[in-house]
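The chain that follows stands alone, in the form predicted on its own, written as structure tokens.
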Amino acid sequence: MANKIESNPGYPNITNSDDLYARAVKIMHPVTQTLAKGPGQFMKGVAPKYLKRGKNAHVWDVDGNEYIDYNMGIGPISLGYCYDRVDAAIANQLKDGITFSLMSELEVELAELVHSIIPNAESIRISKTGADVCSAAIRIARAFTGRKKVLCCGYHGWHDWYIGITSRDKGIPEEVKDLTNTFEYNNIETVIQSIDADTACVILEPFIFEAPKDNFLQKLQEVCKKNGTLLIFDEMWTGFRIALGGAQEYFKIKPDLAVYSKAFANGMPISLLTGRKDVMQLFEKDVFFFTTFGGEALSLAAAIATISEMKEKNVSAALDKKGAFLKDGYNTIAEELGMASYTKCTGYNCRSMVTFDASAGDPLLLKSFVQQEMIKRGVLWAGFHNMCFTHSEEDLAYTLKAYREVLPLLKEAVRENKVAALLKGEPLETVFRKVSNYNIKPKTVKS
């Protein structure tokens, strides 16, 4: 019998998942199309590898096991799986068609809606993925300023200008790598030391989990303006979540450009680039950014329905409330158990993260153990609380109940130094995304 949302007697049977994986490894390298969904981030031997369906905040794997999901498609599921209003909009549009030979009227309708919500959206472009619009923002910033260099902080996709400064940089020419450099979040001095007369733009996630301190974002905007550098907010995670108008509404800072993708179409592939009209007008004649599927109508319909639902139901406030219940609840349990010195839940309520300190052992092993035990109890857990609108009160209460069972087990395992011995499968792999301690001083580009 498949595991349910309860304290199951055993770990889930994942035979079908493993069979699919065995087929995939023969012809797919790697097997996953999204790194955060891949087997390296979930315990092999315990966690499922393939999901079959979802409804609201629950998912079912290919073996029939049911879980409360806190990954939410790695971000795009903001309302919930198979959300009725969004699915109805997709189904209605499907009757009329998916992609046409001319523009869709839905492009105008979505642009007007976005213009009314996002503070800097004087002009709007629509595309398909986050990496698309990040790279478009970099290109037009270079065109507008006549400069080459980029300063970045956070994760910005797979394209050459960004990925060349990471450990996965093979295939990127050195000349391209030399044009992008990084700075440290919440450390304005690393920006001041790095920015120069050839810096076209500064792009960053307004926050990842750490909150901005000492007016960091305001100071960053001032430094950029003084240097003639464009400020770009990468709002893949913050947009439509922290507030309907994203981080720029929440922090009352209007960047020159901003990019969005994950939350505003409840799982359909679509992205946005918003910004100053004088900058964005360069797309008319001087800068090329077009794609066949930019006006794909099913995603447009889903985006309009999702944003409308978010606006009418005040979804950002609901995400904040639900997320606070989990984050504060986790920290209360950790404190009661005397574990707060080495585990806590941090971040903004709409998207928080459970962390483990090396003082108690290898953080990856500690995280692997908690994931193993949460999965046994019917929670698909990867260390994050990516909240959606349909996480129910029952889901949240059950999750804290599971934490109350699992954290004492972790405490005992740490005390007896047997965390690794208690793992039933292969531990998690190191996360590729790096969010701190990676400042790089710009190189001098030879003319």
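Model, not experiment: these values are computed from the prediction. Residues carry their position along the shown sequence, with the first being 1.
The form predicted in complex with a small molecule exists for this protein as well; it is not shown, and the discussion that follows is about that form.
Looking at the small molecule in the model of the complex, is some heavy atom of each of His156, Glu205 and Lys262 within 4.5 Å of it? All of them do, each having a heavy atom within 4.5 Å of the partner.
Partner-proximal stretch of 233-241, 117-125, 97-105, 165-173 relative to the small molecule in the model of the complex, 4.5 angstroms, heavy atom: In short, 233-241.
Here the chain is shown alone; which of Gly130, Gly323, Gly267, Gly275 has a heavy atom within 4.5 Å of the small molecule in the model of the complex? Only one option qualifies, and that one is Gly130.
From the list Ala305, Cys134, Met280, Ala200, which entry has a heavy atom within 4.5 Å of the small molecule in the model of the complex? Checked against the cut-off, the match is Cys134.
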